[in-house]
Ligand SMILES: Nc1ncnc2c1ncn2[C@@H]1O[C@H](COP(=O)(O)OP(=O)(O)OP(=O)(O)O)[C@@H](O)[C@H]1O
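Only one chain is included here, represented as structure tokens and corresponding to the form predicted on its own.
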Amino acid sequence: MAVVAVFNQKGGVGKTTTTLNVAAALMLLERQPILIDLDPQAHLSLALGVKSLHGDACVSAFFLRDKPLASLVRTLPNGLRLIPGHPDLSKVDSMLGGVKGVAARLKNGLSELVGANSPVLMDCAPSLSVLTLNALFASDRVLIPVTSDYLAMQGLHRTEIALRVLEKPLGRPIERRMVVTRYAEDKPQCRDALATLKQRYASELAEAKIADDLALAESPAHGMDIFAYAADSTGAHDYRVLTMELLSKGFFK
């Protein structure tokens, strides 16, 4: 069971969109992913049409009330399995921040979610919190969406520094892959940023790019992934290509 954290310290770079649509592409390939919404804003859950849940039915109950993760998995009409997020997650830092060994809590809990063909994708908040540390400690790999603009490039640099710092207590390198989102070939700043990313990160940068496609922004309002909302769209094509590339590189092994 591969565990992948989708993370970037910069907000607005497409983490939730990427988590949702890579998982949907894996579903089409019969990989049966499990999604975990670790952002207190619960945007991944909202994008899948899941809202107004009691905290006891969400991943916050695992952290704050010791409920087993397996008991919180919801199978959605499209077949995706989700452990929803909840605003109660904002309490985790203050309630558990000083608890010894708290960063390993999620890793230990994930041992209950068995299934060799069931990759786990975790949508992380854009901050280094207790929740994000749990995700990074539990993950086998990190997927980093990044938009091709100046501020996003700075956010990626900070994310890289944070991952390098965490490698020491983990005792292993953190395998990661960056993916460019909201890319527009006709914009010089996008082309320049892509060239910089290729120069700096080389093999860590995915070849696939996610175009700036309106359908990707529209689909969450309908509680749908891009394949259900607009299967013939550029966004659907790009996320299909990205997922196939990640699979071919062993990212979900």
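Note that this is a predicted model, so its numbers are computed, not measured. Don't overthink the numbering: it's just position in the shown sequence, from 1.
A second form of this protein, the form predicted together with the named molecule, is not displayed here; the remarks below concern that form.
K.L.:
Even though the named molecule is not shown here, does it sit in the predicted complex so that T17, Q41 and I210 each have a heavy atom within 4.5 Å?
P.N.:
Yes: T17, Q41 and I210 each sit within 4.5 Å of the named molecule in the predicted complex.
K.L.:
Does the named molecule get within 4.5 angstroms of any non-hydrogen atom of L242 in the predicted complex?
P.N.:
Although the named molecule is absent here, L242 would stay clear of it in the predicted complex, with no heavy atoms inside 4.5 Å.
K.L.:
Indicate whether the named molecule has at least one heavy atom within 4.5 Å of a heavy atom of R182 in the predicted complex.
P.N.:
Contact check for R182: yes, within 4.5 Å of the named molecule in the predicted complex.
K.L.:
Within 4.5 Å, heavy atoms only: does A228 come near the named molecule in the predicted complex?
P.N.:
Residue-level check for A228: no, no contact with the named molecule.
K.L.:
Does the named molecule get within 4.5 angstroms of any non-hydrogen atom of V13 in the predicted complex?
P.N.:
Yes.
K.L.:
Given that the named molecule is left out here, which of C58, L216, L48, L35 has a heavy atom within 4.5 Å of it in the predicted complex?
P.N.:
By the 4.5 Å heavy-atom cutoff, the listed residue in contact is L216.
K.L.:
Can you say which of 23 to 31, 216 to 224, 198 to 206, 185 to 193 gets within 4.5 Å of the named molecule in the predicted complex, counting heavy atoms only?
P.N.:
Partner-contacting stretch among the options: 216 to 224.
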